[in-house]
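Shown below, as structure tokens, is a lone chain in the form predicted alone; questions about how it binds or moves come after it.
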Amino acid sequence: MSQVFIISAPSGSGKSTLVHRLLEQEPGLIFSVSYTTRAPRGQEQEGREYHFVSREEFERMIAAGEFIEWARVFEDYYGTHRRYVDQGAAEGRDVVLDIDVQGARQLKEKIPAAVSVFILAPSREELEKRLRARGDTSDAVIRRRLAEAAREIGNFEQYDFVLINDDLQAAAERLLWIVRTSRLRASNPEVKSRVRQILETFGQ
């Protein structure tokens, strides 16, 4: 049995950095590398940040039922392949999914026990500052991402946890705490399995 962790955030909130630190601190986790039809940005590499595929290939994968969730964001597709969740279940390892609000909603419907975390910057001004610091986006794209961030933040109550990334080290520690304590929740599949085993010793 394994626990699934859903991590979402508006672009520029520091999600990728926090997930990277989490994977360093908890090396047993499986990270689900999403598929996308958008082009790589900056130093992004195939198979590390994303699997970059053509629109035709992505739509073929949709038709074949290969994604556990997928969504269209602006002009591009993003999706989570089933094999990562299947691998976690087979190996008894927890899986971390880096997906947007649309995908998180789909996945919670399919895996209600999944633990969801929403990460956001402390203010609109700070988010804009981080987006501009990337140096690879136009003013028009930044305005669009800020508008999308407002819509995404409006859905924060659909998540189990909200993590405000106002201090990177503190936020990384809080994310690690969320992962470790969530493993003790009654809804955790491993906890349920263990409790059932204990009940069996009572003849229940």
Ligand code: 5GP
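Numbering starts at 1 and follows the sequence shown. Computed from a prediction, not measured in an experiment: that's the story for all the values here.
One more form of this protein, predicted together with ligand 5GP, exists but is not displayed; see below.
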Study note, to complete from the structure: The stretch from 22-30, 160-168, 174-182, 66-74 that lies within 4.5 Å of ligand 5GP in the predicted complex, judged by heavy atoms, is 66-74
Check your understanding: Which of 151, 143, 41, 55 has a heavy atom within 4.5 Å of ligand 5GP in the predicted complex?
Key -> 41
Practice item. Give a yes or no for residue 103: in the predicted complex, does one of its heavy atoms lie within 4.5 Å of a heavy atom belonging to ligand 5GP? Key: yes
Exercise for review: Look up in the predicted complex whether residue 37 has a non-hydrogen atom within 4.5 angstroms of ligand 5GP, and give yes or no.
Suggested key: no
Review point. Contact between residue 116 and ligand 5GP in the predicted complex at 4.5 Å, heavy atoms?
Key: no
Review point. Looking at the partner-bound form in the predicted complex, is residue 79 within 4.5 Å of ligand 5GP by any heavy atom?
Key: yes
Point to revise | Members of 82-100 lying within 4.5 angstroms of ligand 5GP, judged by heavy atom, in the predicted complex | key: 98, 99, 100
